[in-house]
Ligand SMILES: C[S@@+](CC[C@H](N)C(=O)[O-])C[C@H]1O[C@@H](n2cnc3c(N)ncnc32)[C@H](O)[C@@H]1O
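A single chain, nothing else alongside it, follows as structure tokens in the form predicted on its own.
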Amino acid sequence: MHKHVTMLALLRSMTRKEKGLLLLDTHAGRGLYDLASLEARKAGEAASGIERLLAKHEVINAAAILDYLNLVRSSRKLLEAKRGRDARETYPGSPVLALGALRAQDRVVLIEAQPEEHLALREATRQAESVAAENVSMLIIECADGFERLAAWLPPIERRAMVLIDPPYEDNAGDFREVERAAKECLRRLANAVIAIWYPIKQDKDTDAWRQKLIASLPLQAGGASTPTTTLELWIHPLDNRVGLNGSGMLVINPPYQFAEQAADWLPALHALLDEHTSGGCALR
């Protein structure tokens, strides 16, 4: 949810300009997720996550969170109409949510390396065609390594792009290195690319050291200015907890105008909604 609210807030900011853009999702996943599956029920994340937010819909004031919840609701309703059955336990992933926010002049490239997930993604986007507010000018789905395909799609003809990077982090050290390399490759090919990187917060000191190293290694802009970044972190377990995943981070490179100011409104609100036991926190920097 942290990733999806952030992604949608970025897209809403970028689509204020009439000119089209390219959305490139390097690790798109399967597109739709079954919250009624055995795995999902065992984890129990939906009850304390999306379902909790939907139940509190009427008392939420933050526009970015409401936008996200409205897209989740509308995608479920449209999927129900298309399937002819209940879709209340279906959760839309980044590709489906993005299609609901983009326009006719925009293009979308979704890349997923795992063949099973890739096939599921194709089916999800087929089912979600009517979810899109408008039909984007191009939708391409590839079964490939998203890091390796950056060179094929950047720079885009629009000279405007948002690149969403969210690898599985199964090999933490390896994926962190690949993310760093990919971010610099994106900027080399398109200096104004908006890059949104999701990362897990497990050992906070290690994560923060990686984040600072990545930011320091980014190329300078014309005139010698540093490449602008905004970091949004949200955690629901203490940062020194060694059990597992404590929270998540989003590092945004080249954030749109006033994005950080808007995030200062919705990030604390999202944390308050999700952190039932007030054992976590959030940070914007």
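Residues carry their position along the shown sequence, with the first being 1. What you are looking at is a predicted structure, and each value in this text was computed from that prediction instead of being measured.
Just so you know, the form predicted together with this ligand exists too; it's not on screen, but the next bit is about it.
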item	value
In the predicted complex, segment of 87-95, 153-161, 70-78, 100-108 with a heavy atom within 4.5 Å of this ligand	87-95
4.5 Å heavy atom contact, Ala144 to this ligand in the predicted complex	yes
Contact of His2 with this ligand in the predicted complex (heavy atom, 4.5 Å)	no
4.5 Å heavy atom contact, Gly49 and this ligand in the predicted complex	no
Distance check, Glu185 to this ligand in the predicted complex, heavy atom within 4.5 Å	no
In the predicted complex, the residue from Gln114, Asn192, Asn135, Gln212 that sits within 4.5 Å of this ligand by heavy atoms	Gln114
Sequence-ordered residues of 10-30 touching this ligand in the predicted complex, heavy atom within 4.5 Å	Asp25, Thr26, His27, Ala28, Gly29
